[in-house]
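The form predicted on its own is given below as one chain in structure tokens.
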Amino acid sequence: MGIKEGLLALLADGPRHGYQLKVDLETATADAIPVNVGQVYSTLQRLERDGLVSKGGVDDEGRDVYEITAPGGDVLRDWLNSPVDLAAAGRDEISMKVLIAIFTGGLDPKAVIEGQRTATMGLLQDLTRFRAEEEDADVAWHLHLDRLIYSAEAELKWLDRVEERVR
């Protein structure tokens, strides 16, 4: 998710000023997307330029309040209805390290695998502990932790598979 889409989603829920959008975006994503207020305002300017949001007046403290426009709602719906292409989601650095180590022959892929496995196991233990300690946390935080835990477990399974294949 980009900041653009997050801001549009929040504005679809109701008008907000820039700083409130920053706070709400961080809260909604369980702080997985930290943003600075400058990013929010520069994104709002681009969204306004593109006709996706408009200023809806000012609040009691004189801050500009933004609202989503009909074209902004269309962009948001398109984004929400489009599945994420995991193959294009970004460079997978772990895969790149392992593949390059295998390809070059001069590097030890087993060392890369073991180093990553150790780090991922540590992360998984931390995440599992966080989940147990944060029983009273909101649903967004628990869902985010679940996603991270499942991703770590999948990475460990993949590392096992890689190790089998490079034997």
Partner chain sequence: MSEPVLKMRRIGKTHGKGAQRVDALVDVNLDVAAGEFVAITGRSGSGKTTLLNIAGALDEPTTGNVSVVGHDLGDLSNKELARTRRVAVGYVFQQFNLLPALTAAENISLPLELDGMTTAEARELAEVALSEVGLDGMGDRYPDQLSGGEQQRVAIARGLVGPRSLLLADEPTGALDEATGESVLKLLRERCEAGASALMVTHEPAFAAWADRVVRLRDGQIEEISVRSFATSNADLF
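Positions refer to the first chain, counted from 1. Quick caveat, the model's predicted, so the values are computed rather than measured.
Form predicted in complex with its partner chain: not shown, discussed below.
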query: Candidate site Met121, Asp126 and Phe130: all three near its partner chain in the predicted bound form by heavy atom within 4.5 Å; finding: yes
query: is_contact(Asp136, its partner chain) in the predicted bound form, heavy atom dist at most 4.5 Å; finding: no
query: Its partner chain contact at Leu148 in the predicted bound form, heavy atom, 4.5 Å; finding: yes
query: Contact test in the predicted bound form: Tyr41 vs its partner chain, heavy atoms, 4.5 Å; finding: no
query: Contact label in the predicted bound form: Glu114 to its partner chain, heavy atom within 4.5 Å; finding: yes
query: Candidate stretches 95-103, 62-70, 138-146, 43-51 - the one whose heavy atoms come within 4.5 Å of its partner chain in the predicted bound form; finding: 138-146
query: Partner contacts for 152-167, taking its partner chain in the predicted bound form and a 4.5 Å heavy atom cut-off; finding: Glu153, Leu156, Lys157, Asp160, Glu163, Glu164, Arg167
